[in-house]
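There is one chain below, alone, in structure tokens, taken in the form predicted alone.
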């Protein structure tokens, strides 16, 4: 007996940034990453492969966490440079027909009016296929680019709650039937159905209304990575898809149950929230070939301790180079960046930093490895145990060969089991996401 149908998304982990520039199968990624071509190919491929959406990560700084220097990050093109994913979202929408496009925009560095207007515009030009990945930001270096220090973790989520509240009011400032486009009588819009807000909150204010018309979805589909209690509560209150990374099937199941409980407390139908688990399947012609690929990937970690430390330092906004590799991290070490992720990374304090950095993955809830048929069976079993709702594939590294392995290998295997969509029932992203 198979699991019920589930959803697929593609998580573009480095956003509109340098992708696998110095690795095999990278093509001309070192020189043309800033052009949209490879992303157009990706979006078209995952649309063909039955994915609900493409989600693009983003950050707005050159990292400086590891060794208090940008040297490693710029030398390796790690998390920098990057370009604005909202621009790419508009381009991708013109080269695809059904797949959703999700851009990351932070509530700490934008004003709600700016985001509401930008997202509404994108939803129009995509004919209703835009999502917003709601992030609060995590890096103090990013905050300094905007002239202030990064607010404390829980305060950022309090600000984000008000930010989303105001954005929603702005999207609702035009009644659905405000636009008449009455050529005969010369009336484009009924002004009595376009409303000012005069919103005065603790953190934000706006007169309103938006000067854009209601978009096809009215509001975008909301996504968020809710790991901390504050993050999970914000997600349960607003979002329609959650990016989750609890390690292991039991914790995946417990996480989903927690989110559904919180959704009910906020008066929402828990089935209206899709919990999507980050995974990086390793595929091969045979199970043995895939296992060897995975083993090579694990062995490569041992020669890339610096890269693993730099990446984790960036996420946590903590310079991990200051701590001895062969001792546990201090018990009282808390991140003001990705707080829950860092807490999971630290573990129970019995393992050394070296052991944790080699064992812990920032992108895998579970390891999936084998032929497409084998991995499809593994995903089927996991969803049966967890209860839903789908997976976010992380292209690591993101190049055309890996995209083909997933969309032309794994997707057909999942379809043969009846686990993913074989076509899109609706035009709007929200409708497709809630179709099952």
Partner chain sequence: MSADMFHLGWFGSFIPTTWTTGWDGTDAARWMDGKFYVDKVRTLERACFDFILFEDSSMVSDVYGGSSEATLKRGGWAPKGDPVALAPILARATERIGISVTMSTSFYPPWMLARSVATLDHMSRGRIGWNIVTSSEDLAAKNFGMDALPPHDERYARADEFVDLVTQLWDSWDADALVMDRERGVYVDHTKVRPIDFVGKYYKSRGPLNTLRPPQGRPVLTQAGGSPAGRQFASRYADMVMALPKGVPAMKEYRDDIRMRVAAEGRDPDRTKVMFVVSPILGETHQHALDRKAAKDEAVRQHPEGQLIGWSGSMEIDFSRFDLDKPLPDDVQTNGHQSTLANFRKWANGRTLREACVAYRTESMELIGTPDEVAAQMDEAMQEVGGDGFLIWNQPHNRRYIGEIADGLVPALQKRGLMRTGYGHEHFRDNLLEF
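Everything quoted here is computed from the prediction, not taken from an experiment. Positions refer to the first chain, counted from 1.
What follows is about the form predicted together with the partner chain, which we do not show.
J.: Would residue 26 show up as a contact with the partner chain in the model of the complex if we use heavy atoms at 4.5 Å?
T.: Yes, contact at 4.5 Å.
J.: In the model of the complex, is there a heavy atom of the partner chain that lies within 4.5 Å of any heavy atom of residue 415, even though the partner is absent here?
T.: Judged by the heavy-atom cut-off of 4.5 Å, residue 415 is in contact with the partner chain in the model of the complex.
J.: Heavy atom to heavy atom, is residue 172 within 4.5 Å of the partner chain in the model of the complex?
T.: Residue 172: no, not in contact with the partner chain in the model of the complex.
J.: At 4.5 Å between heavy atoms, is residue 71 in contact with the partner chain in the model of the complex?
T.: No, residue 71 is distant from the partner.
J.: Which one of 409, 390, 63, 395 is close to the partner chain in the model of the complex, taking close to mean a heavy atom within 4.5 Å?
T.: Spelling it out, the residue with a heavy atom inside the cut-off is 409.
J.: Identify which of 311, 284, 112, 214 has a heavy atom within 4.5 Å of the partner chain in the model of the complex; exactly one of them does.
T.: Looking at 311, 284, 112, 214 one by one, just 284 meets the 4.5 Å heavy-atom criterion.
J.: Spot the stretch among 131-139, 156-164, 292-300, 321-329 with residues whose non-hydrogen atoms come within 4.5 Å of the partner chain in the model of the complex.
T.: After filtering at 4.5 Å, what remains is 292-300.
J.: Is it true that 41, 44 and 48, all three, sit within 4.5 Å of the partner chain in the model of the complex, judged by heavy atoms?
T.: Yes, because 41, 44 and 48 each have a heavy atom that approaches the partner chain to within 4.5 Å in the model of the complex.
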